[in-house]
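As a starting point, one isolated chain is supplied in structure tokens, in the form predicted on its own.
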Amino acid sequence: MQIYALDDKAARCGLETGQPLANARAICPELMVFDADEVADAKILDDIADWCDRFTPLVALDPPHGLFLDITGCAHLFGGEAALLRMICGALTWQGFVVSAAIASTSVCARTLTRGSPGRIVKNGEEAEAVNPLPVSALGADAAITTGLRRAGLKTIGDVAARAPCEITARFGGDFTTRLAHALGEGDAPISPRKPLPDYIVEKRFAEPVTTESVISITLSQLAHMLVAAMGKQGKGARRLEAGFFRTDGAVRAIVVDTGQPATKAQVIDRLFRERLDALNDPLDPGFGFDLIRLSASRTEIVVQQQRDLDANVHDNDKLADLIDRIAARIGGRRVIVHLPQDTHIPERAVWTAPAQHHLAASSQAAWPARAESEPPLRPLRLFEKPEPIKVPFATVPDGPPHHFTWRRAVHAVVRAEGPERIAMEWWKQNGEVLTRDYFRIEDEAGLRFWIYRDGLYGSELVTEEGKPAPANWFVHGLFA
């Protein structure tokens, strides 16, 4: 058991991270110990990253305790780099976190400064001068590399940088040499943002936090008009929209809505978010108020203009798409589905259920097998999600229907039967074992019609311990209306 993290008082006692717990107790017998919760730490780091989205959309994780913020082009919005640094550190400190931060032109240089000289702002081209006096441990390399450098007499980053790169690479590897070069400002490793950058972002900041629902709704409407105007300049419409609500205590709430067609009207966006907000299981809690509300379009498409004066079908499709969007915003897009035919003879795979928002056009153009109105249906309108077993005491052999069967503890006597219809499973999906079903359309004495099948061919049943053929497995797959 080792020390995962410690506070300032424990550090003043001479304890260090990674130290065995037994040694720590010997140094400090009154030590208070709690189990480390890495999952909770990662969750807190994610929450802090969400809060940092208010400053820049490019936020990357630097586990286990760090974050990268790409503030290129964003610092002037907050009064400059120094003011932005004070704002972020002050807010996190007020929330109870111990923060070390620095600003540099490369991410590795900034991370090195946070460990050795926090609070510094290094201009482009001055990275080497800033990091040279720092200890080699500030680079964040493996403990073995740091120990090896110290034993070689290289105690500062400047000492290491004074050596030829080939010497460092031969002893400590190419990764460490690359890390050193990035810390000195010679190249940079790109960061990987947690979230993809939205296509369009509009936001509104409040001098005083807002808590009333009316102000929030008015703000969303204003942002929707701004977003539509920005997209309209490039002829685009939104397919996925996200509203972010940033509370003063650091909590962030995001609400996402999808659209079946590119949204180009602010009224449509406003109505979808109203539907979504009204249907939330966990209502939007403003707490002490929101100081920032953001609306972004994370997925957009080019809007294709269509003739709408003489084509009535276009208007009908638009109304249907709007209705689907409103229902999906209220109950979820996965609950509004359409059915599409599939080119297979397997009954349970013949129909594919897909989200209606994204496959509405395909469903309207789908070609289903034609059937004359006078012909009875060959398949039930709805199949069971999983075929249910039935008990059949005996049936006409080799391929006849059962005389009666028991299903859901009720006995049904067969008065009419059609079949069998033999359906073999797709051999390339059965690992060499070809399964065959004999389907029957049957009717009992009460007029109920069933679609049942026998699993396997006659004569291929398993044998019981007594050496007798085991009864065949029968299933009911669906009911005719």
Partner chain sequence: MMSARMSTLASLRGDIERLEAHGDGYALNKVALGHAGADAALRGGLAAATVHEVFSAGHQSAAATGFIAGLAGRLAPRRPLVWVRQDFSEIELGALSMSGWAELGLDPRCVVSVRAADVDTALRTAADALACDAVGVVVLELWGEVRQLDLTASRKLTLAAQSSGVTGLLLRVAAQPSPSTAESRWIVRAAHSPPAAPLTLAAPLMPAAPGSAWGAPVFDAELVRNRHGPLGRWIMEWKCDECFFAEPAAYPQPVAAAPAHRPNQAFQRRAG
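Worth saying up front: this structure is predicted, and the values here are computed from it rather than measured. Residue numbers count along the first chain shown, from 1.
Beyond the structure shown, there is the form predicted in complex with the partner chain, which is absent from this document and is the topic of what follows.
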{"property": "Partner contact for V414 in the predicted bound form: the partner chain, 4.5 angstroms, heavy atom", "result": "yes"}
{"property": "Proximity of E445 to the partner chain in the predicted bound form, heavy atoms at 4.5 Å", "result": "yes"}
{"property": "The partner chain contact at M1 in the predicted bound form, heavy atom, 4.5 Å", "result": "no"}
{"property": "Any non-hydrogen atom of T147 within 4.5 angstroms of the partner chain in the predicted bound form", "result": "no"}
{"property": "Segment assignment from 336-344, 229-237, 187-195, 204-212: heavy atom within 4.5 Å of the partner chain in the predicted bound form", "result": "336-344"}
{"property": "Heavy atom within 4.5 Å of the partner chain in the predicted bound form - the one residue of S105, Q95, S364, T169 that qualifies", "result": "S364"}
{"property": "Option touching the partner chain, based on a heavy atom within 4.5 Å in the predicted bound form, out of L323, L280, A82, L77", "result": "L323"}
{"property": "V99, G116 and K155 each touching the partner chain in the predicted bound form (heavy atom, 4.5 Å)", "result": "no"}
